[in-house]
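Just one chain is shown here, as structure tokens, and it is the form predicted on its own.
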Amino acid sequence: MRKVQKENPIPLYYQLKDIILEMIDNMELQAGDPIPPERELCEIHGISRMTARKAIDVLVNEGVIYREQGRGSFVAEAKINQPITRLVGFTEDNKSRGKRTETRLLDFEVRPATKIYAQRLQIPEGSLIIKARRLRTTDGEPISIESIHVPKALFPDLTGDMLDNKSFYSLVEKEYGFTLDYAKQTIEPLIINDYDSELLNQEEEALGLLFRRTTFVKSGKIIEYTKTVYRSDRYRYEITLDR
């Protein structure tokens, strides 16, 4: 491990962060390996405990390492690189990468559409909508929490059991005969709330990514408006730009 340069104008915590990153890039530290304890980093580099902790905090926020209470800090698994070029569901995407998907239904209800959801689904205000909340996992690890909103008129017999551990898009196409066409999607950062943090096995106030998706079928109808909170430490998104 090279040492920080105190005469360097770059802050010491930032130098230490780069040194640890360099060790990971050179595979001196690999996924699951422990990061040297703060006390050891202080002795090696002649820095304060606060400086060492700040460097670790930055790497935790970037999703490069993670903390375990009472055990220390460890190198995180490489993030899943998710291209945003095709309209695919969570289950379909995982299957294409050889991953096992599980879905647990958290909540299912039918209620009148508020003004905002009526606008988003392009249905009359007060029309019935179905809201389902689901926890999605990949190879047993919780990855995202999804809140689906669909017009009940399009899915009159939809039940919670039909969405528990099943692909919604597969249901749309195979059971209801719709042909998916395209979707509009936005992505923004958010602080994951306490309840969702527990479900996703995240620390309190962890950073997540909020996806909002409006999906259209060939007839031009909107079939769903979905909000999904993803762990930012496990996913990153790749967008191809053509010119």
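Note that the structure is a prediction, hence the values are computed from the model and not measured. We call the rigid core whatever largest set of C-alpha positions still superposes within 1.5 Å between the two forms. Position 1 is the first residue in the sequence shown; the rest follow in order.
Beyond what is shown, the protein has a form predicted together with another copy of the chain; the following relates to that form.
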query	finding
Answer option from Ile116, Met162, Ala153, Val110, heavy atom within 4.5 Å of another copy of the chain in the predicted bound form	Ile116
Glu173, Lys184 and Thr240 each touching another copy of the chain in the predicted bound form (heavy atom, 4.5 Å)	yes
Exercise: Glu92 in contact with another copy of the chain in the predicted bound form, heavy atom 4.5 Å	yes
Asn201: touches another copy of the chain in the predicted bound form, heavy atom cutoff 4.5 angstroms	no
Partner contact for Arg86 in the predicted bound form: another copy of the chain, 4.5 angstroms, heavy atom	yes
Ser48: touches another copy of the chain in the predicted bound form, heavy atom cutoff 4.5 angstroms	no
Residues from 54 to 73 in contact with another copy of the chain (non-hydrogen atom within 4.5 Å) in the predicted bound form	Lys54, Asn61, Glu62
Shift of Gly220 between the shown form and the other one at or above 2 Å (CA, core fit)	no
Asn193: Cα shift of 2 Å or greater between the shown form and the other one (core-aligned)	no
Core-superposed C-alpha of Val229 shifting 2 Å or more between the shown form and the other one	no
